[in-house]
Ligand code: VG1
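What follows is one chain in structure tokens, specifically the form predicted alone.
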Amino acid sequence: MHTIEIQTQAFSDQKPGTSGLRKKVKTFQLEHYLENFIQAIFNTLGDCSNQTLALGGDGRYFNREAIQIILKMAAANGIPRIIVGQGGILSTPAASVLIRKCKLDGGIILSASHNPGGPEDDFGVKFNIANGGPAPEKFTEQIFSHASVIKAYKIMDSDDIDIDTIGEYALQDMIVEVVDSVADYADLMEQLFDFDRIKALFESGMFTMAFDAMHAVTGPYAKEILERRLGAEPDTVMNGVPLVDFGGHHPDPNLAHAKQLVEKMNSASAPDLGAASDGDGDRNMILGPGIFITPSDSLAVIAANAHLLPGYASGLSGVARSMPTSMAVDKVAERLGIECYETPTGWKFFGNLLDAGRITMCGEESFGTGSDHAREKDGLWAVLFWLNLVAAKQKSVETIMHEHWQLYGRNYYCRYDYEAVDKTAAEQLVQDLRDQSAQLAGASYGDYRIMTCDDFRYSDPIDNSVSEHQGIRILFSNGARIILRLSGTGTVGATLRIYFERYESDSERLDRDADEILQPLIEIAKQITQLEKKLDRDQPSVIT
């Protein structure tokens, strides 16, 4: 067992996006590709001799092999200790909880989140810092700088470590501690929520639930918490065994990909609550019988009712949402008299606000919700919140949502995703819109008059860092919005996301069909952008 230095050449495509580096598995399997990026992380950390890190992932294809490579490289780079989730499994929120509980210096999370898995699909690597959250742009830019000029990496010439048995193992001078992947996370959830009240709900025999783990990482977490600790029926967790290819399905908890759950919740025998989580456990979808709760509405309901739950009984310091997320939570913040922050897309932008105590809860329209218990969005946390809320109010999901709309009004909202489009064409479409933004101000389209059009720019109120070009906003005089942005989570071509929002306060108009309400905005967006012609697409890939 000894350290060797391998000569290498830099790859030009190792710039981390909003959620780390995501590529096809075959790209990460290229000779030196993964190793170069991991060495760039260690080089960014600098002196590794006092660093203790967490390591784990969502169990997708190449997860176990990558962990063994990273362990050997960590030992060769002088890291004294690494904590690994048993079997190489750690949901993204559980990794954040582990980093924070054990006061680690950071962690390497192996995941491509909601992207498909398997030998022909996606893999990802990201680094989380000591607060448990994704590395900020300053850090990821340094990683890219090192990756761009790398000439060699260090690795141990040694046998693989047993990552399936809990215990401590030596790899040269480094200690590898394999821990229960679920226990710390489940214990924290028990502190935040009223497990006794939720357990009583299940024991009443009057309440049923379906949770679709989508053959992804949350299966073991959901089984432990929902079925063992809370007493839900043994078949409550669907698709609960993590598989390297997620059973051949797309592990994205939305109406398009969680078809089995959606069909169940729209059936005559629908459970009282339906929920799903994604590949790495940080996203969530909430459903009631025949009703889909949009992530934006879910964030607003959670913020409005946080005082009813043990972990948040003292109230909220503030809330935050990503810019494309609907403004439903803004109405709640206004009524509560607390600050509401608007940030770019990417959970890392919430980190400074959480660390500074400016906010307690935050969320994104892309099915992500969370609080200050971690520095990642947390799918199962959101599901437990809704469970606890139903138990506390003794009301159905549908009733809770409708009562919320009656009090705050309704933000009709949807998102169109145009996936795997030509990247150059998509970038040109956005640039064209940016160029004509000044001319659009004041233009009218039927009953809609554009008040302003801009490119969202964010100045962090904590560290004064500035993030430019975070999405085109078309804002109308009646409060409606159209947002366009290019997503950084895909691995093929580009994904253009378009968001549509219109607020309605008339109590007689709160149960209208969202498509009907938003159709004028959809037509305006097509007319302004000429996207059907420029992208050669007449329909979005996914509507959520």
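Here the structure is a predicted model, which is why all the values come from computation and not from measurement. Heads up: residue numbers just count along the shown sequence, starting at 1.
Form predicted together with the named molecule: not shown, discussed below.
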Item to check | The unique member of H215, R375, K331, R415 whose heavy atoms fall within 4.5 Å of the named molecule in the predicted bound form | outcome: R415
Next on the checklist: By the heavy atom within 4.5 Å rule, which residue out of G231, G346, P116, P80 makes contact with the named molecule in the predicted bound form?
Outcome noted: G346
Next on the checklist: Tell me which stretch of 454-462, 294-302, 276-284, 389-397 has a heavy atom within 4.5 angstroms of the named molecule in the predicted bound form.
Outcome noted: 276-284
Next on the checklist: My question is simply whether R22 lines the interface with the named molecule in the predicted bound form - judged by any non-hydrogen atom within 4.5 Å.
Outcome noted: yes
Next on the checklist: Even though the partner isn't displayed, in the predicted bound form is Q14 close enough to the named molecule, meaning a heavy atom within 4.5 Å?
Outcome noted: no
Next on the checklist: So, S487 and the named molecule: in the predicted bound form, are they within 4.5 Å at any heavy atom pair?
Outcome noted: yes
Item to check | Exercise: D122 in contact with the named molecule in the predicted bound form, heavy atom 4.5 Å | outcome: no
Next on the checklist: Can you list, in sequence order, the residues from 363-378 that come within 4.5 Å of the named molecule in the predicted bound form, counting heavy atoms only?
Outcome noted: E364, E365, S366, K377
